[in-house]
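Only one chain is included here, represented as C-alpha cells and corresponding to the form predicted alone.
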Amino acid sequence: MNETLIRIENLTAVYGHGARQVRALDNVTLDIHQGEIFGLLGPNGAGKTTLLSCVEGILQPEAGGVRIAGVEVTRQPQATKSHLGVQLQHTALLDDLTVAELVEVYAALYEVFLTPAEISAVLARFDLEDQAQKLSRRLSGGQKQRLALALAIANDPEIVLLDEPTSALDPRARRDVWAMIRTLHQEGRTIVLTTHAMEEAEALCGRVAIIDGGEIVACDTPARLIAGLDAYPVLKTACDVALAQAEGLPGVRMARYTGEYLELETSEPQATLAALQVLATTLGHSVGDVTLRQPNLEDVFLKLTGKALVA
C-alpha cells in the first residue's frame, strides 16, 4: 500500500453561531494514499466541499486537523498549498483575461512562472490550444470545465483536488473530463474528487468515502462496499402496484418506489418479472420501461443512510 499523503484526523467544522450554528463535519478521520484517486461520495450538503476547504486551508476547523505530506495545514499553509492544485465547484474566472493569461496568472499565484511554450503545452493537454487568445467568458461550459482542470495543474501539483468536476456537463463532456482525470492520475498525481454521482465514483475512484450529514459512514473500494451489501439485482419498472403486493412476488427481498418507478430487489429476476406482469394485468395496469441492474454504490448509500443518493 502506498504511504499516506493526506491525513485527516478527528476533523470537526461548523458554520454560524449560537442557535444558527451548523455542524458541517463531525469528527471525520480519513487517510488518503499517495497515487490514488479517492472519492468523497454524498448528496449536496453532506459536507464534501467543507472537507476539501479544510484540506485546502480555506476553512479553519473547529477541532482536529489535516496533514499533507506530514505538514499541518493550519500551521504551515504556504508549505502545504505548494503541493495542491485546486478546481473549485464554481471556478470564478477573470472574464477579461484570455485563456492563456489565466493559466499564467494561476501558476504565478504559486510562484511558478511559465514561459509561453509551457502555457501552450498546458492548454494542449486539455484541447484548449485553439482557445488560447479567447476571453474566458466566451468559452462553452465544457471548455470552461477543461480550463478549470488546466488551471488546477498549472503549478504542476502533486495533489489535485476536484470539487464536482463534471457538474452540469452533458454525458459526452463528462466522459472527456473523466479521461483527463485518468491521465493526470497516470502521471503519478494523487486525485481527490467530490461527487454525488454514483456512476462517476464507480468509474474513477480506487477508494470511496461515503459521507452524509458531515459524517463518514463507510470507506473502501467500490467493489468491497458493494460486495458487503449482500444484495441482489434490482428490477426497475414503471408499474403502479401496491408495495405490499410487490413484496409478495417470487424472489423479492425488498420493494420500494423511487419517483414513479417501482424497484424490486430480487433473487429471481425472471420469475419476479413474470409474476409482476400477471399481477399488473389482473389490476388492469401495464409493465413498462423494464431494466435490470446489479447492486451499486447507490444501494450502499441507501442501506447505510436509509435514503436515496440524490443531488
Partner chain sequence: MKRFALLTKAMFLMHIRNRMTLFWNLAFPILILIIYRFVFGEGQVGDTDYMTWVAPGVVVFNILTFGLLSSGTLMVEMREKGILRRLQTSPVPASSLVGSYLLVNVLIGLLQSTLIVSFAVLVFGMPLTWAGVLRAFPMVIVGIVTFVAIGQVISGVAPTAGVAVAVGQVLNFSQMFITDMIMPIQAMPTWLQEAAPYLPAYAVVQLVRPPLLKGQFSSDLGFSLLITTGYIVLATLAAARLFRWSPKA
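Positions refer to the first chain, counted from 1. The structure presented is a predicted model; accordingly, all values stated were derived computationally and were not measured.
If you look for the form predicted together with the partner chain, you will not find it shown, but the lines that follow are about it.
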{"property": "Proximity of A173 to the partner chain in the predicted complex, heavy atoms at 4.5 Å", "result": "no"}
{"property": "Contact test in the predicted complex: D163 vs the partner chain, heavy atoms, 4.5 Å", "result": "no"}
{"property": "4.5 angstroms heavy atom contact with the partner chain in the predicted complex for R20", "result": "yes"}
{"property": "Exercise: E104 in contact with the partner chain in the predicted complex, heavy atom 4.5 Å", "result": "yes"}
{"property": "Region of this chain that lies against the partner chain in the predicted complex, out of 109 to 117, 219 to 227, 201 to 209, 232 to 240 [heavy atom, 4.5 Å]", "result": "109 to 117"}
{"property": "Contact test, all of T272, Q277 and L297, partner the partner chain in the predicted complex, heavy atom 4.5 Å", "result": "no"}
{"property": "Option touching the partner chain, based on a heavy atom within 4.5 Å in the predicted complex, out of M180, V86, V122, V73", "result": "V86"}
{"property": "The single option of A132, L139, L169, L94 touching the partner chain in the predicted complex, heavy atom within 4.5 Å", "result": "L94"}
{"property": "Partner contacts for 60 to 87, taking the partner chain in the predicted complex and a 4.5 Å heavy atom cut-off", "result": "Q78, K81, S82, V86"}
